[in-house]
Every structure is written in structure tokens, then in C-alpha cells.
Ligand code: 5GP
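First, one chain by itself: the form predicted alone, in C-alpha cells.
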């Protein structure tokens, strides 16, 4: 059965897209810890990030770097935090989280809520710079 991320890649489930190429997709997390919290995934469904073949793995991180640089320009922050947990969805993914403090990546924190219009505005502003 396809993961939720594969279903997003296939267009079955909508997302707030930041960037896309033949192999990768970046989109806003709909349960964000911070404004601009973005997920970066390989389009190929692989459960565990360290099971991704070497070229695709390197490409994923290069793609994430481009997205992170755009995030930094749009969302006021000190840095872009990076985490790979991979337990909640069995599809490798990288979290890019704009940080104002080191506690902004605590996944036990309450998630932020945005309207669809706010999500779209955030995604559009970042996408213009990727």
C-alpha cells in the first residue's frame, strides 16, 4: 500500500508544494512546529533514509539544501534545523524547520495551525526563491 507521501507525489492528495524535480519533492508540513516547516522527500518510496541508493541520497540532501536556503530568505530565523526521524511515515523524509531557538524542533510542542490561504502564501513565497 502506498504511503501518504507517495500518494502526494502521485497527486492523489494535495500539498503546499515548495519545489519539485524528477526525483524529489518539498512541501509544507501540515502540522508544523514553526512557520515554513518543510518536508523533503524522494519521490521513490523508500522506508529508511539510509536504504536510499547513494546517488539518490546525495541528491536528496542537495535538493534539501536549495530548499533550506530559500526558507532562510523568507522566514525570519537564526538557522534552518534539520531532522530525520522516519517513524511516523514509512517513506524517507527530511524535516527542515526554521529555528529562532534550539527548542523550536521539540516535536512534543503543540503544532501551529494555519488557514489554507496562509499555507499557500507561505509556500508561494518560498517556492519563488528555490
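These numbers were taken from a predicted model, which means no experiment stands behind them. Positions refer to the first chain, counted from 1.
Omitted here: the form predicted together with the ligand. The next part is about that form.
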Revision key, fill the gap. Testing 52 to 60, 73 to 81, 23 to 31, 98 to 106 against the ligand in the predicted bound form with a 4.5 Å heavy atom criterion leaves exactly one stretch, namely 23 to 31
**Study point:** Contact flag, residue 8 vs the ligand in the predicted bound form, heavy atom cut 4.5 Å
**Key:** yes
Point to revise | residue 39: touches the ligand in the predicted bound form, heavy atom cutoff 4.5 angstroms | key: yes
Review point. Could you tell me if residue 46 has a non-hydrogen atom within 4.5 Å of the ligand in the predicted bound form?
Key: no
**Study point:** the ligand contact in the predicted bound form: residue 127, any heavy atom under 4.5 Å
**Key:** no
Review point. Using a 4.5 Å cut-off on heavy atoms, which residues of 44 to 78 contact the ligand in the predicted bound form?
Key: none
